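Have a look below at one chain only, the form predicted alone, in structure tokens format.
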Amino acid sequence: MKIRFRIRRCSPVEKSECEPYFQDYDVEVSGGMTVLEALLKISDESDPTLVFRKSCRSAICGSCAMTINGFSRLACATQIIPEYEKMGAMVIEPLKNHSPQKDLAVDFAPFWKKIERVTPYLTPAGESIKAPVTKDDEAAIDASQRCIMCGCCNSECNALEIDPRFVAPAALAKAWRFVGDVREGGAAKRLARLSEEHGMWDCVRCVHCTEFCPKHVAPLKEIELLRSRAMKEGVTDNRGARHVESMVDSVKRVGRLDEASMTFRTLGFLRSLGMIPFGIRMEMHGKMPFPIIFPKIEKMEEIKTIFREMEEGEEKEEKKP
């Protein structure tokens, strides 16, 4: 069967700013044929000027990551017919949140700079290098080691779309690979750096990085592990950690979230004043209660019991050899 491929292209040679345009190609496809195979067919038979990246063709190298019908995927792992039957079209574009260099090939320099920011290697110190690695220790960092650096998670990241300086999920998943390693000697320093502005607390938890990762790394889980470890290490002098502490304190105190007091604890008094107009608009739409003294919820003792058992469980874990 013939399927029309609508491919977003740009030519910096012809147009200095690489202005995008779409070009259509009709491709004869067969069962089991992948998007990458279709692109190779176009390049071989119709248009040798079409630029895209590829290498292993086995979903191992990550080179052929691109946007297929609006979602970041590996072209070598996406079969055409099921995709076409589901979406009714085949629109191929470069990865989002990346600058196109030519056609479907994007500039990966910012991606690698973000990886460099998290110091992607072990920094053992003292006796840490001699620490035995158990199966449980290896399992704790196993998912983060499956990353193939394809960039799909960064392409789907809402925080990165708003803030190009955000370290982004791929680098944060890589950071957990080393922070979570029992042989790492500089975990506290790493976590302090990652807690700075544009770091791990800027993640908005949209879950897109986990949803579109082709290797099931689940970067959001790694980000949550980094945050939890940072707070256990006492790295709490930042808005993200203060927000978590204020949430816990609110639930422990009245059994629900006291939005007004949380804002003051998270941002501080002066910054919170600037949020008052926003708070009023939220209240007008029923999104936030008035900043009054909250009554405790019914059966508050059950909430306290949950916190008490959690704290006792954490103490037992810390006492384990």
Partner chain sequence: MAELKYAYYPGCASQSMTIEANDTTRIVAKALGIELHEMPRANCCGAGLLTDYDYPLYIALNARIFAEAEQMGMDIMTICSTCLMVMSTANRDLRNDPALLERTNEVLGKAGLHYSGNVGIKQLLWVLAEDVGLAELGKRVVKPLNWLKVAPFYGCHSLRPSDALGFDDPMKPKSLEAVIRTLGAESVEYAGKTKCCGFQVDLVTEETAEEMTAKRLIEAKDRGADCMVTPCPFCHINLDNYQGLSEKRVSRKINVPVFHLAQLVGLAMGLTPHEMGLSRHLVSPERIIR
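Positions refer to the first chain, counted from 1. Here the rigid core means the biggest group of C-alpha atoms that line up within 1.5 Å when the two forms are laid on top of each other. What you see is a predicted model; the values in this text were computed from it and never measured.
Same protein, other form: the form predicted together with the partner chain, not shown, and the subject of what follows.
The partner chain in the model of the complex comes within 4.5 Å of no heavy atom belonging to I115.
Shown alone here, G62 lies farther than 4.5 Å from the partner chain in the model of the complex, counting heavy atoms only. Proximity of P100 to the partner chain in the model of the complex falls outside the 4.5 Å heavy atom cutoff.
Taking non-hydrogen atoms only, L36 never approaches the partner chain to within 4.5 angstroms in the model of the complex. Though the partner chain is absent from this view, in the model of the complex it lies within 4.5 Å of a heavy atom of just one residue from M87, A109, A131, A77, which is M87. Site annotation in the model of the complex: the residue of E93, E233, D202, E184 reaching within 4.5 Å of the partner chain with a heavy atom is D202. Figure note: of the listed segments 236 to 244, 176 to 184, 101 to 109, 142 to 150, the one touching the partner chain in the model of the complex, with heavy atoms no more than 4.5 Å away, is 236 to 244. Every residue of the trio E211, T266 and K299 has some heavy atom no more than 4.5 Å from the partner chain in the model of the complex. Contact annotation for 209 to 228: residues with any non-hydrogen atom within 4.5 angstroms of the partner chain in the model of the complex are E211, F212, K221, E224, R227, S228, listed in sequence order. The Cα shift for I276 between this form and the one not shown, taken after rigid core superposition, is 2 angstroms or larger.
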